[in-house]
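Below sits a lone chain in structure tokens, taken as the form predicted on its own.
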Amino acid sequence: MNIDRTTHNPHLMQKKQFKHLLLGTFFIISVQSNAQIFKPQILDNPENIPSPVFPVPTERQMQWFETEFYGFTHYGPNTFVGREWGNDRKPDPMEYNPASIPDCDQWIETMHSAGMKGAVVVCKHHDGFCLWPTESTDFSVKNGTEIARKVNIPKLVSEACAKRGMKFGAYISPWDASNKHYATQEYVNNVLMKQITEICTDYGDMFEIWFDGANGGGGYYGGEAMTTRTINKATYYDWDNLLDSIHKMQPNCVVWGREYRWCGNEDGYSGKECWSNFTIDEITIEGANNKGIEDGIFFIPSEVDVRTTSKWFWTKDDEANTKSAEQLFRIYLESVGRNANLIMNCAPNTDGIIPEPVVNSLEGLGKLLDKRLKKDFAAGKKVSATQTRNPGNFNASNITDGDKDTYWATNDGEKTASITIDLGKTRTIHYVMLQEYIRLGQRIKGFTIETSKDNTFWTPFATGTTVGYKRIMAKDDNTESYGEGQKARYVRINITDSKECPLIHTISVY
């Protein structure tokens, strides 16, 4: 029989425990000592990711940029009375007089045919009429004609967008030319904010909300005589707190004037130099909206708004002014192709449909986009670069791998470089598209594009300044016509100036 004598001898048990304690202490001291000697080095940036160049976009701004192109629906009382603003008469809800439920499916189908990825519906324009049964005012569809009372435009449009897998956005004019409380705190608290809350909570996910820049002015404001009321927009609407309130209701929704800016014109073009950087206080500088501010401290990219005819609201006579598919394609190049998003108006008529001339032009635009900007000659092709960041995954091949999350980069301090793409055989080139990895900030300030048939003798193709999210360069940066193109097997992009090491995730050749 084996007996553990320590269980019967307290002195032996204590001696054994003390021995184990000494051994354990020695082991701990030894491990700690060795850890100090052999402590591995922990790098702060093991993947060698370039430092950001501020400002940088938020995730919701990136999602907005990737939407690129979407529609605008100006429809309401102005459609039936032939006006653009509707602030020059006493408000009458009976003026909104649809003969049948508007065909919002047709609106969205038409936009989809043009290549649009979403729609922004006008819910309330400057006249103050609400196209949904709001609790904020009597001037709405609730007090309209019998058919009008059955029409909820935000609901119909949001449902139509969902069917097509398109994004939904809303336009709500902060200025209200019919509300008697306008220019008082009562209007902001119990009218405008209530309207925003209803739209942001009742119609599903939203990707953007438009507020427009109209700042009071003439109206009836609940009375007979026209009066003028003006306000200080920055303090009256309390934009920063309003932004926070909207994000709590719609986390993925970007807000007009704070997370994206108006481009400065309604003619469908952005500047050839176009920074997403901006400084809100500099909004009055001539041309600032159109080209941005290189050293602006906020990331507020540009959105280009444009009409498919000559007016925002439909009139019969204006159908003759419908822009052709070629004109709309040029607008696309001068907006989406210049580091801006494009919102294109598609105004329904009194029958509640987008008229045939506009439908034809938009369908034609979609066909041109497919024909001219779909087949990428550079996809998967061999790429080389004169400079490549090391160590890390920044190879030139990232430029043609079709992955927006991989990118080519140079080492810190190297602000110039050349990239050459071998198309595999001679092609007729019309456009070269560049995309920066802007999650780490917009950087490129200058570049040139050249082509070659033999990789020895080079011919100039185009010269540009900024790139940003997307830059589409035609030959000589001439967007006026499709042209004959330029034959080449090799395309070389020379980065001639950059704020810091350039980062490019995609170059496409069409």
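On a predicted model such as this, the values are computed, not experimentally measured, just so you know. One-based numbering along the sequence shown.
Absent from the display: the form predicted in complex with a small molecule. The rest refers to it.
Of the candidate stretches 147-155, 113-121, 318-326, 83-91, only 83-91 has residues with heavy atoms within 4.5 Å of the small molecule in the predicted bound form. The closest heavy atom approach of Trp239 to the small molecule in the predicted bound form falls outside 4.5 Å. Though the partner is left out of this view, Phe168 does not reach within 4.5 Å of the small molecule in the predicted bound form, counting heavy atoms only. At the 4.5 Å threshold, heavy atoms of Phe72 reach the small molecule in the predicted bound form. Within 4.5 Å of any heavy atom of the small molecule in the predicted bound form lies no heavy atom of Arg389. Proximity to the small molecule in the predicted bound form, taken as a non-hydrogen atom within 4.5 angstroms, holds for one residue of Trp210, Phe278, Phe207, Tyr182, which is Trp210. The partner is absent here; in the predicted bound form, the one residue of Tyr203, Phe299, Trp312, Tyr437 having a heavy atom within 4.5 Å of the small molecule is Trp312.
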